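One chain comes next, on its own, written as structure tokens: the form predicted on its own.
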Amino acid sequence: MCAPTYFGVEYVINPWMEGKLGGVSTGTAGAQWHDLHALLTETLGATVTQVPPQPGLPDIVFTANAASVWGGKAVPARFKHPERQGEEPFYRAALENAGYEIHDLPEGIAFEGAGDALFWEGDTEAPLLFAAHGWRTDDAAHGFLSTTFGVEVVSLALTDPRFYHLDTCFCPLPGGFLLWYPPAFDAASQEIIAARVPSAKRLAVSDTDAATFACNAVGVGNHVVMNAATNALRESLASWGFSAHATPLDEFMKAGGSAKCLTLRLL
């Protein structure tokens, strides 16, 4: 995670940012981030490593985009938009300090880390890496990820600009469960997801839950941490054995991010 010392909406690179320039309450954002951090660490027992915040890089708080990591290896992000490219050396340094073996993508390939590449641990012998393209990541990155991590990559196409990263509309949970928002994907990708994830472990969230980034959630054991959740979603999660924990993150929603965006799971 990265504290939101310099967080704000200072440019527009996704639809959520439109009309929000200068509209973030720094104090409220700080309080919401600290509540999320406390929930993850003090309540749920997660261990958190922090990346130092940097002036001039308001989105460095969204550490999910730093890299894709697995088995001691890390593929650092190569951001599409120039506004975020300054984050790359700071994320890289944090990964090196954490002991990860760095594998750099070939030049010219955009890739935005766990924002667009999420491991799903279902009934397969090895985890599947679901990876998206369409807005921020090039599909040319997928083969490199497969070779680097030694896993099968399942390529998906995103079509709705509101759901510009995979982690805004697709949330693998412990035990092989999945929350997702089908309208964010093209028809072929919807069919692929339905074929790979059993229906009993797959839940399509409502438009209401999708709009509050319920899929941008963090699974910790049998707990799911998110910005907000309808009663129907809470009940569905409970039927799977999960407890939903809602912690308001609306200040970060102004920049198009929520609980998952604010964290990178280190594996």
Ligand code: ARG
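One rule holds for the numbers: they count along the sequence shown, beginning at 1. Everything quoted here is computed from the prediction, not taken from an experiment.
Separately, the form predicted in complex with ligand ARG exists; it is not shown, and the next lines address it.
Of the heavy atoms in residue 164, some are within 4.5 Å of ligand ARG in the predicted complex.
Proximity of residue 227 to ligand ARG in the predicted complex: non-hydrogen atoms within 4.5 Å are absent; the residue sits far from the partner. At the 4.5 Å threshold, heavy atoms of residue 212 stay clear of ligand ARG in the predicted complex, well away from it.
In the predicted complex, ligand ARG stays beyond 4.5 Å of every heavy atom belonging to residue 196. The stretch among 196-204, 39-47, 227-235, 56-64 whose residues place heavy atoms within 4.5 Å of ligand ARG in the predicted complex is 56-64.
Site residues 14, 84 and 115 are all in contact with ligand ARG in the predicted complex, judged by any heavy atom within 4.5 Å. Of all the residues from 245-262, those having a non-hydrogen atom no more than 4.5 Å from ligand ARG in the predicted complex are 255, 256, 257, 261.
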